[in-house]
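We've got the same protein chain twice here, in two forms, each standing alone as structure tokens: structure 1 and structure 2.
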Structure 1
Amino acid sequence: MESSHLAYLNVKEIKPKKTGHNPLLNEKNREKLTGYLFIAPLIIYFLVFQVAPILMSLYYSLTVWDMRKSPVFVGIQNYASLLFDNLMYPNFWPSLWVTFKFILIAMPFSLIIPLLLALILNRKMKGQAFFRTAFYIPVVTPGVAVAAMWKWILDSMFGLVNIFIKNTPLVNVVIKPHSWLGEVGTALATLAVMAVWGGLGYNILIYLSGLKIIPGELYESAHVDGASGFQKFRYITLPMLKPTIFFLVITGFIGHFQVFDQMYLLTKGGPNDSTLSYVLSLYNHAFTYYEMGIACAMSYILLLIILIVTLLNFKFVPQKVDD
């Protein structure tokens, strides 16, 4: 009896004690907590370096602030002055018009030339990988290096373009040597050519991605029906590329609206403000004239313009493949 009683006491002693339920020890909650900890740096970065500057710039757009003194709240006066006071801000509307002209020149070529090159590179050919890499190099090249290269190529005295024109009789009859970046008639178009060249590789890559997902059976069926190469392109390739083209139109408009590098590095908005883009004018107000309130207001006007253009693209540019 004693031995059995002792065994009973020992069992009672080693029996685990009950503890209160802790939700943090739950496996599901631990997984959630681990996930939140992993994404915490990104959330902190987004809040500190994205959301906070957006809200601060919105406030500063309603103030007069030269970054030396405390901002003075003036409401929507900055917006009204930019839109209606041409004497105080004479470059607002001209810079916006320059940006629209730049888009009208660059956008068609930014869509058509990469498409033609993508169609060529999508075929089996020797050196395919080399050409794809070569076209993409400008995308990853620093803007300062690209600007220096183009400045040398377009130099009015020793540039390769003018040397080629001078030494090619057939070309010399049609085109004369120019100061391509120094004349009002050619400066903006020259910068547009540079922008098309700089974005060529990216657009080709996007087009190639779109071409790869087109089913080969469609081309085989069209070939059996006797369709020509142009008919295949018109009735198969273009309709199937509608989502890709829509994406490039949206991103192209947004990118060209924010054009800045070429103008700032090569022309500073000249000659005679013919290349003064909207963002370059915004930069001048912020860091040359120290009108940070005006610059912030211009940034929100630009946001509104881009939003309107994007909504118009969503309405009028085909987005889906026809059923």
Structure 2
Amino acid sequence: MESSHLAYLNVKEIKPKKTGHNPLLNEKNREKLTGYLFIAPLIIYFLVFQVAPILMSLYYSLTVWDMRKSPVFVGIQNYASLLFDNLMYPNFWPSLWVTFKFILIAMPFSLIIPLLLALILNRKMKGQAFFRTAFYIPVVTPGVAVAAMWKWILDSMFGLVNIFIKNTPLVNVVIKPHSWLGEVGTALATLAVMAVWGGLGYNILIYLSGLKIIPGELYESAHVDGASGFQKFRYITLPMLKPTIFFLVITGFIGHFQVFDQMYLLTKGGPNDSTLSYVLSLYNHAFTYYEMGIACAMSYILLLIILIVTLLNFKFVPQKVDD
């Protein structure tokens, strides 16, 4: 049963036949040309708005620059200071640790919960469209409005969350009303929950789009073979979802590593730096203390970290169906 399905999954590209309209442009060259033509706008955009600024900030990372005087070249001094000078840059290592903890809390939930909900929504059932719409609403709500909303709901005296805890018989024994964003113990976890909440609808949609293009015949033949629901999930759904999951893992990791907005709007890194994420710290160096050189060096260290993790992902997480 297994092997027959895997054979079906092995969708491979068939080389197109030669048509030979133009004797100068044979099929292969035409294909190449078309390919370059298709990505030409991207290349131009990429050079102007990505490569050029990245190179510029690489140069700035080797300078002391406060954005007002012209930059002074200092070699790798910024990198060395960040890594080893705890007295001048005490936030570097702690902010990395904060970001890592944040990813550790947020990532598993933002991969698993949406998958489960997408599987439910993928069944033929009434009200499916309604639920899908409802789950996506947080995604389309502007970040500023979301921040204002959570601040209000989590308010330590008038917030719904604490009022609910206080007035629900069993719950109020286990949990006490609490300043969720104000205490060192809970602030980061609360922000992570908010991130999962905010990204849920988006991840569900991505999963659903992935689920919809799994050919129905696969399930039908599996059904005929007498496969159970779990077996279908394990041997059809999960393998077919590999590209989708790969996409979510990579973008989720990159996105979470750069977490900034909600911290900037709600906690500013407090209490006691427990929510000072790496990028928030980077932003502070750039725009509060005007240490553009340090900020650029920080971004290159971040780049390196993400690069390593992404390469590991490319190696260990299969990205194509037929891998």
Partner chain sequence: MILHKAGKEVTYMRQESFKKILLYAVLILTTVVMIGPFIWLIFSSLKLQQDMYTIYPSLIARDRATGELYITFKNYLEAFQILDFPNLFKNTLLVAIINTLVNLFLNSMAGYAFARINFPGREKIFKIMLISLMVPGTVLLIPNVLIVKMLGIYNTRAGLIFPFVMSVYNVFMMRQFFFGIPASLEEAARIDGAGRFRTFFEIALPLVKPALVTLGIFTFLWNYNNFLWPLVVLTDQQKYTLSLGLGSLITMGSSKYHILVASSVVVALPLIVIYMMFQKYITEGIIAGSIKG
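Each residue is numbered by where it sits in the sequence of structure 1, with counting from 1. Basically, rigid core = biggest C-alpha set you can superpose within 1.5 Å across the two forms. A quick note: this is a predicted structure, and the numbers were derived from the prediction, not measured.
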property	result
Which of the two shown is the form predicted on its own	1
C-alpha of residue 220 moved at least 2 Å between structures 1 and 2 on rigid core	yes
Per-residue C-alpha change between structures 1 and 2, residue 34, threshold 2 Å, rigid core fit	yes
Residue 82 C-alpha shift between structures 1 and 2 of 2 Å or more, rigid core reference	no
